[in-house]
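Listed next as structure tokens is one chain, alone, in the form predicted alone.
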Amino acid sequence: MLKKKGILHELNTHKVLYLMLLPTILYFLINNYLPMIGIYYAFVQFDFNTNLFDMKFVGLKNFEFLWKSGKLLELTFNTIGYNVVFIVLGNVLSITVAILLSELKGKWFKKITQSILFLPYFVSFVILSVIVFNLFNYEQGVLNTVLQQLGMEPVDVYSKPKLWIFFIIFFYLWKNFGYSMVIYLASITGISEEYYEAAKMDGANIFQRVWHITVPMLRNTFVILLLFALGSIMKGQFDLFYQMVGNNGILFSTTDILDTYVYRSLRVTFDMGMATSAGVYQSLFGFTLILVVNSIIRKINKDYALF
């Protein structure tokens, strides 16, 4: 009977490989796991003059802030609603554009188009806020200047909350879809040409090849990106919302999310316990959602599940 070998034997046998892995382990340990000690702030009464473990333990009282504010449901709905739209439209748009680019024959045109679509990803949210302001400014914005030139009345966009639902979605997609598009394009590039050649020999047209070969081959990439996105579905795009909307209270009914609400509250109360409790609420919600969705995917096809 073979004797079972312990972890020390494993480490000694493959010590070079584990030494190469050590920097990555230390990186995640220092930047991702050690800061998790700060979760304890969610259960104490924060005091600037006291260290973490000497603060008064208050249990779940910090979580009452979000509930008693009366905005928890609205904030949760806005945060989840926007992220669901971002995920669905973002992936559909990215897959569609990636497929169209993969079918282009001109090599240089394909590269230039890909670079142009990817370029907005590097535009900072501060610059984006300047672009948005110059577009929709009531007095000198591009939109109202054009409307006045056409003999029409100017529109005060910053007093119409419902319009900003579409503006935020549009500018998010404009800025971020290029990143996912590149990932899908790389996956398409990895598909063997033999599948397409065989389909051509069987008389399949371009639409049939895309639907029956390309789209199914992208399923695994889509599921992985979906699960990653769902993990942060309760963490809104703070930079996007705050830079575009700022402190305009008129727009909060349709643009306020958990992150922006907590940030504004912190500016008034400086209560780290309340902010941490909101972060814990977001993380637990996202963690639970990942487990549920991954379980559903595993039951449908376990090969596409993360674990």
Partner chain sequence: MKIREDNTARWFRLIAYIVVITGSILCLLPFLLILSASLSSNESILTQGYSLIPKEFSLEGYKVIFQMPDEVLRAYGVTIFVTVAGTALGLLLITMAGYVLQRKDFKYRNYFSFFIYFTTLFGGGLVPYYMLITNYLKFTNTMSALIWPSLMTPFLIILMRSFISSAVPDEVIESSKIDGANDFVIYYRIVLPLAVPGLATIGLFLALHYWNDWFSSALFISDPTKYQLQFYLYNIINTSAFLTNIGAGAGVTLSEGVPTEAMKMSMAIVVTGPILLLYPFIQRYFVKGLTVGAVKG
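Positions refer to the first chain, counted from 1. Since the structure is predicted, the reported quantities are computational estimates derived from the model, not experimental observations.
The same protein has a further form, the form predicted in complex with its partner chain, not shown here; the description that follows concerns it.
Checking N32, Q45, S69, N248 against its partner chain in the model of the complex, a heavy atom within 4.5 Å turns up for just one residue: N32. Residue contact check for V292: none of its heavy atoms lie within 4.5 Å of its partner chain in the model of the complex.
Contact check for E103: a non-hydrogen atom falls within 4.5 Å of its partner chain in the model of the complex. Interface membership of H212, defined by any non-hydrogen atom within 4.5 Å of its partner chain in the model of the complex, is ruled out. By the criterion of a heavy atom within 4.5 Å, F65 is excluded from the residues contacting its partner chain in the model of the complex. Screening 84-92, 159-167, 173-181, 69-77 for residues having heavy atoms within 4.5 Å of its partner chain in the model of the complex returns a single hit, 173-181. In the model of the complex, V262, Y263, L266, R267, M272, A275, T276, S283, L284 are the residues of 262-285 with at least one heavy atom within 4.5 Å of its partner chain, listed from first to last.
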